[in-house]
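What follows is a single chain, given as structure tokens, in the form predicted alone.
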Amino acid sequence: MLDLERLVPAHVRSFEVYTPSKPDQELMRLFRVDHLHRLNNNENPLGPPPEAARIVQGFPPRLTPIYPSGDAYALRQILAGRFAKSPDQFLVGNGSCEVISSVIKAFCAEGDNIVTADRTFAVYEWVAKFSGIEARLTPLKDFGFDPDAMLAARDERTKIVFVCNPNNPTGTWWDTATLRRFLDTVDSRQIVVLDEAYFEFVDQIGFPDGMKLLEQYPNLVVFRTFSKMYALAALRIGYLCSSPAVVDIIRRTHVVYSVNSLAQQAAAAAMENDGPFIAATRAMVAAGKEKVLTLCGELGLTCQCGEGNFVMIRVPTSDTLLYRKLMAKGVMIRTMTGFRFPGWIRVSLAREDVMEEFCRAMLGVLRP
């Protein structure tokens, strides 16, 4: 008889299964709608960039029987040229979730811990916990990461500190001076991961560029992704950059061949001429924010509107109930109870016509 109680570690048994949303067609059938606007995953509806789209459309079938470059060789050369680094400073993964896992596996053993915030990108905490590693979570301060609390949460078994900048879901961010003070205080006693998944959306004076700090802080690891700004979420590709010594350690735990050929080629093409695409996306996001802020003012709702292509809104009802009511109008948002923000929703910022439909749906539900 199969004895799962004996075979499965206690920390795995205690974990709850994450249930992703159903496919669009199934959701449309369940909610009896003829369309669905996905405003739940911070996707970029303008993408991918034209150069990447041509790669996706023209990917030759003759390449499908051939394994991809196991270490994304060509893409690492391009990243190195783009950021004036060595190719050996980059590691490409199957989305940020895989590189998070690789970093934790590389540096953490039983009894170690990581430090991050209690309401941020949840995968840092999840991967640590289902790896049997303690996740120490410090409260946000004014919706932002609290550097003093994070420094105080460390002990001699702390191996990694995760900082999401700007933070998902609040959009708050550390400026360069704050980040430098934090890194100086850590003083290479821990690995500091700076997750810049939404870096390309930010156009603020004083916002730090982690890539420019790597030479001064050899314990710094910078994450970036092609899922958000570059709109390659379906292809699952992201990367990290750090000192060659740190990347060499992480690479030992990383699964090779995890990133497919199409993703590697599309990512490389996405950076060929990304200026106009990034500018168009930023303009779309700015217009979307303005519409949401106007809506919140009209409805008297509190919102948390920072950097990134999303906004959080505090709603005067259950977020899960509001989700169902908006789904019945063909609009999908993210409930925030699972992010430890009960009574809040997060809305991805999309094209003007979609944001207008979202606003009409909110007005219809909250002011019928």
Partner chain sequence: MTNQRTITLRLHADTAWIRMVQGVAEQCGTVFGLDHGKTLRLIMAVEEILVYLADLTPQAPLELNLTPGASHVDTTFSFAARDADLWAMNITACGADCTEENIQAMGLLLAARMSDGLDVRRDGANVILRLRLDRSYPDLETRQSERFAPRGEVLFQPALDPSRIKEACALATALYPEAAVPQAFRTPGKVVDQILGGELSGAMALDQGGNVCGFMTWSPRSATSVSFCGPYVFTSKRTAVARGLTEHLVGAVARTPVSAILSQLPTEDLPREDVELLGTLPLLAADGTPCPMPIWYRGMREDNGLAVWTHPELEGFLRTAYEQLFLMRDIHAVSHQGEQVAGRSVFATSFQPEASQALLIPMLDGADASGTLHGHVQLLLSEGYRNILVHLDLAHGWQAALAPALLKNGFQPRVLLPHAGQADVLVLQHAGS
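Please read these numbers as outputs of a predicted model, since none were measured by experiment. Numbering follows the first chain given and starts at 1.
Missing here is the form predicted together with its partner chain; even so, the following discussion is about that form.
Here the chain stands by itself, but in the predicted complex one stretch of 30-38, 299-307, 51-59, 66-74, 30-38, has heavy atoms within 4.5 Å of its partner chain. The candidate spot formed by Ser318, Met327 and Gly343 lies fully in contact with its partner chain in the predicted complex, as each residue has a heavy atom within 4.5 Å of it. The shortest heavy atom separation between Ile333 and its partner chain in the predicted complex is within 4.5 Å. Although the partner is absent from this view, Ser96 stays clear of its partner chain in the predicted complex, with no non-hydrogen atom inside 4.5 angstroms.
A residue is said to contact a partner when one of its heavy atoms sits within 4.5 Å of a partner heavy atom; Asp118 meets this definition for its partner chain in the predicted complex. Proximity of Pro45 to its partner chain in the predicted complex falls outside the 4.5 Å heavy atom cutoff.
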